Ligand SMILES: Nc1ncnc2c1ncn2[C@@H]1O[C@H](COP(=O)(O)OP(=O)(O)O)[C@@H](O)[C@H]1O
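Just the one chain here, the form predicted on its own, laid out as structure tokens.
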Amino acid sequence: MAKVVHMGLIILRYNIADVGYKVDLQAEFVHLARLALDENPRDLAAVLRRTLQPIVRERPDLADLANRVLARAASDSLIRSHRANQPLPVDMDSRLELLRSEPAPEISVEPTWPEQVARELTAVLAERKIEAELRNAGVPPTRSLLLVGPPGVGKTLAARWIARQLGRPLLTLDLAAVMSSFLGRTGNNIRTVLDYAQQKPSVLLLDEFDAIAKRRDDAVEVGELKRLVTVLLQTIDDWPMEGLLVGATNHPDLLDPAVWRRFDRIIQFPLPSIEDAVSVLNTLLATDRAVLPAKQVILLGTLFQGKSFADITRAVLAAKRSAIVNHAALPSILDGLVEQLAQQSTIERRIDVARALQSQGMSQRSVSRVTGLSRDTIRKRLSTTAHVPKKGAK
């Protein structure tokens, strides 16, 4: 830290009387010196960023040196050197850790995202590759993300994936440990978590974000949690540029309206389409494709439409386990899965499945067994749809 402070002080002393900036550099000089003596690296980095960015824009002769200081202020080493051995925060009563830490997040299966989600996540990573350019333009990279969607669509996985891609530790709020029956303790716990996460470059995941950022007009909630929402809003606004705060919620209707304006980027995670489901199936079954008919994968994708990615992954892994345990062929196990999914589907979905199976040469008796539709229904519905006259035909 001494080198960073020394460089910063040199820049601030340099012709300080001749610089006509809007910021009071002499006051900033005193403030920076105090922070250096207090060994407060996070606030020190913030003052350096605030003070040096105008110098980069208006003093070309100092821009190179100022940029080096800014890069060092945003680097891992400045804060890690001060907090390297800092233990995870704990609840004062239960002594449970308030965060789960993954220093090097791992993903067992490479995720497949819907097109819009992939575009948003890729943009976040792209910004981090040109942080210096953004900083010089006075535009910070995305510092906060709100992930919205039903359970099982990949919100938590997205946070882990981003942390892995950025090479940052993933810190996940442990909601069970944070929530306390003692008045005032829950708010203190969350403030402690937020303060800890801001001290090091990391990805902080606030899963079930609606539990701590509920609408402040909710008459059921106590004053403590309402005050906590105000703290959260301010914290999101001030989140350090070297970190990333990720909120994830299944219940966006419960969030306080002011929350939506605070996040830099909001990503909607939809349930998978047929194409998304087929893409996930191809990934999960990549090592088995040689023995799987392509039509079977497409049929499964049709049946999984409207299910979550987690549902698809769970069902396929269960099928693969069953094939190994029972020494059975995977295609036959997946045939059973097709039958199970078909009979849980709506009548219209089952008609679609029946049509697909019949086009593959399956007999009406077998189609009836798989879909649970009577042969009479199959005959009537398929023959009706097969002979619908085209518009304008006589």
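All values derive from a computational prediction rather than experimental measurement. In this text, residue numbers run from 1 along the sequence as written.
Heads up, the form predicted in complex with the named molecule isn't pictured, but that's what we're talking about next.
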Problem set entry | Option touching the named molecule, based on a heavy atom within 4.5 Å in the predicted complex, out of P89, P105, G187, P111 | P111
For this session: State the residue from A294, V291, A310, A286 whose non-hydrogen atoms include one within 4.5 Å of the named molecule in the predicted complex.
Result: A310
Exercise. Looking at 302 to 310, 232 to 240, 188 to 196, 128 to 136, which one sits within 4.5 Å of the named molecule in the predicted complex if you count heavy atoms only?
Worked result: 302 to 310
Exercise. Taking heavy atoms only, is L157 within 4.5 angstroms of the named molecule in the predicted complex?
Worked result: yes
Exercise. Taking heavy atoms and a 4.5 Å cut-off, does I212 contact the named molecule in the predicted complex?
Worked result: no
Exercise. Hey, in the predicted complex, does P140 get a heavy atom within 4.5 angstroms of the named molecule?
Worked result: no
Problem set entry | G152: touches the named molecule in the predicted complex, heavy atom cutoff 4.5 angstroms | yes
For this session: Just give me the residues of 279 to 305, first to last, that have a heavy atom within 4.5 Å of the named molecule in the predicted complex.
Result: V280
